[in-house]
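Below, in C-alpha cells: the form predicted alone, a single chain.
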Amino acid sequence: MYRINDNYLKLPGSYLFSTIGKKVNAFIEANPDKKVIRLGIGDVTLPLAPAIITALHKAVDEMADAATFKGYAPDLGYEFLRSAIVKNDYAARGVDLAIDEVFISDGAKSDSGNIGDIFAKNNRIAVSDPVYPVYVDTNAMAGRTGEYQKEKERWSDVIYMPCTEENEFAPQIPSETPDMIYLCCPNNPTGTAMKKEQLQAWVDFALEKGAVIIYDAAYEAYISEEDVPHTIYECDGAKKCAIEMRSFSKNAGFTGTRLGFTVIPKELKCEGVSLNSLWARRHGTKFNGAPYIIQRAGEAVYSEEGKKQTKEQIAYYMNNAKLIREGLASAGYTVFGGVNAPYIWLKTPDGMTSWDFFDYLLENLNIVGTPGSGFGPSGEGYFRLTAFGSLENTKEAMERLKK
C-alpha cells in the first residue's frame, strides 16, 4: 500500500492567506452592499508599466512567427535577462557575479520553498519571528521542523529569532547554532530592514558556524535609507555563505505574470560540493523555465523607460505607506515599517488578539488586513497592512479608521 508524506498532516490549519480569503469571501457574500477595502494580501494594483507591456506584445508577436518562435527556455534562463540582472542589480552596486550564478524562476515564493531540496533533512533551520510563513511551512513539509506545539504555536525543532519592539524588529543572533538561516530584508511582515552592520554580523556568524543564509530580498526596490544594503553580497564574505532570492512581483508588478531569480555564487560550497551545481541540477530536472514572453518582459524592467516607470509605481505605493503610517499614528496606533518596505506593522489596540482585530476591522470598518500571529508566535498582538491598494482606497480606509 502506498504511503503519504505525513509531514503535511502536522501542518496547523490552512495557509494563512487562504484562511483570510475564505473569511473575506464569506463576509462579502453575506454583505453584498458593503465596500470592502483590501489591505491584507500583498498583491499589487497598478497595471504593468508601458515599457513592459510593449515588450510583452513584441514577444507575443515573435511567438507567431516560425523564424522567431521560442520553445523551452534554457535551464538557467535566457542570457539576455540574466545579463541585465547581473549588470543592473549587482555590478551597479559593486558586486561581481557571473551570469551562470543567476537562475531564473517563476518567483521568490517558489524558490524559497524549493531551495530545501538541495539540503539534508536533518538540517536545523532558524527563522525571524514574525516572518513570511512559506519558509517554515515548506520546511515542515520536508520534515525539518519536528512536531508542532499547538500550545506554544511553534515547531519543536525550529530556532525562532523573536523580532520585537524591544530589538527594533531585527533578528538577533541565537545562542543555538542553526544550519540554515532564513532572513527576509526588508522584512515581511514588519516592514523593517537591517542596517549593513547588522547584516554583516549575520554573514560573519554564518561563516564561523558553517551555516548557510537563505536571503529573501523581494522588497529591496523599496529601500529608501542609505545604510540598508540592497543585496547581501554587499557584505564581506557573503558569497561563501549566502543564497539570495528576488522577485519581479513587487518591484515591477509581476504578481500575475510570475518571474523571479535566485543567486547562488560558485564560491558557496559544502564540504567541497558546489551548491551552484546542485541547484543547477535540481533546476534543470524539476523546472521547465519561465516563459520566453515573461522573460522579455523582465528584461524591459531594466530598460531606461522600464526603470523610470517602475520607480514611479514604487513611489506611488510608498506614498500610500506614508498615508497609512501617518493616518494610524494620528488615530492613536503604535506603528512601525512603511519606510523601507510597503508594509505597515501596528500594535492591536486594547490587548486584542490579532485575529480578533482582523474580525473587528472586517465586520465594523470593512477593511481587510493580516493578523500578525499568522507570521509566527511573536506576531501575536500585531497586525499588517499593505500599501499596495489604490490611493483612493487607502485614503478611504484611513478615514474609516480615524472615525
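What you are looking at is a predicted structure, and each value in this text was computed from that prediction instead of being measured. Position 1 is the first residue in the sequence shown; the rest follow in order.
Omitted from view is the form predicted together with a further copy of the same chain, to which the following refers.
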item: Site check Leu56, Asp117 and Gly284: each within 4.5 Å of a further copy of the same chain in the predicted bound form by heavy atom; value: yes
item: Interface stretch in the predicted bound form with a further copy of the same chain - options 251 to 259, 194 to 202, 163 to 171, 228 to 236, non-hydrogen atom within 4.5 Å; value: 251 to 259
item: 4.5 angstroms heavy atom contact with a further copy of the same chain in the predicted bound form for Thr45; value: yes
item: is_contact(Gly289, a further copy of the same chain) in the predicted bound form, heavy atom dist at most 4.5 Å; value: yes
item: Partner contact for Leu391 in the predicted bound form: a further copy of the same chain, 4.5 angstroms, heavy atom; value: no
item: In the predicted bound form, Gly113 touching a further copy of the same chain (heavy atom, 4.5 Å); value: yes
item: Partner-contacting position among Lys209, Lys322, Lys311, Arg154 - heavy atom within 4.5 Å of a further copy of the same chain in the predicted bound form; value: Lys209
item: The single option of Glu363, Glu29, Asp350, Asp65 touching a further copy of the same chain in the predicted bound form, heavy atom within 4.5 Å; value: Asp65
item: Heavy atom contacts to a further copy of the same chain in the predicted bound form at 4.5 Å, residues of 166 to 201 in sequence order; value: Asp179
